[in-house]
Ligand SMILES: N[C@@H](CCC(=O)N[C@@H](CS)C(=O)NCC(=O)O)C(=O)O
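A single chain, nothing else alongside it, follows as structure tokens in the form predicted alone.
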Amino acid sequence: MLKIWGRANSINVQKVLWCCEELGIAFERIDAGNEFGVVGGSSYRSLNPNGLVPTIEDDGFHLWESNVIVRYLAHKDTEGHLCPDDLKTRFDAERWMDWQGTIFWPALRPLFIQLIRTPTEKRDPVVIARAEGLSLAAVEILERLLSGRAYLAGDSFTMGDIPAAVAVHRWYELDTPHPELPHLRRWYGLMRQRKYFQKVVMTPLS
């Protein structure tokens, strides 16, 4: 059985858990990270030298980096539920996975840290204002893309939607301005209708 190390409320762990649920992959999850510790120990560092979550073990094979894990699981699925068969569509999906990790989450993460994990009296308004602007610029990119397609990589839900959706959920849940973005809102509504998005992602932020 697939093993997943990581706390269930981690954005990166949620990507993997949601992917597993969509693909019907049985897994055992082991609490790790933040209050659970584990990640600083030598045994965990031998699996993941970064000391971050998630890490998976699949029949003796260890893998880390959440978006890579999602790709791996999607590629392994012989039914092709999340990994498009068409090469261009597949790499379109992969593009948006990389974009979430390099553009969107780095913009949103400081805002998340300030509004969720920082006491009110210690929050930095300069950091918040900058993160709000960068996060809005990122979701506006999605808004423009989604004006011409149902999902990030075309007409069907793919692995490309997973990383962006967990980040968009956090953006909408934060106490920050949310301008009307009808195409993003429509797509986000499709995510919220998915049973396993509800189960894995729609949980209290912490």
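Residues carry their position along the shown sequence, with the first being 1. Values in this document were obtained by computation on a predicted structure and should not be read as measured data.
The discussion below concerns the form predicted together with the named molecule, not included here.
Which of Ala138, Leu181, Leu52, Leu146 has a heavy atom within 4.5 Å of the named molecule in the predicted bound form?
Of the candidates Ala138, Leu181, Leu52, Leu146, Leu52 is the one lying within 4.5 Å of the named molecule in the predicted bound form.
Where does the named molecule sit in the predicted bound form: which of 155-163, 172-180, 26-34, 138-146, heavy atoms within 4.5 Å?
Flagged stretch: 26-34.
Exercise: Glu57 in contact with the named molecule in the predicted bound form, heavy atom 4.5 Å:
It does not: once the named molecule is placed as it appears in the predicted bound form, Glu57 has no heavy atom within 4.5 Å of it.
Check Ile11 for me: does it contact the named molecule in the predicted bound form (non-hydrogen atoms, 4.5 angstroms)?
Yes, contact at 4.5 Å.
Relative to the named molecule in the predicted bound form, which residues of 133-156 have a heavy atom no more than 4.5 Å away?
None of them.
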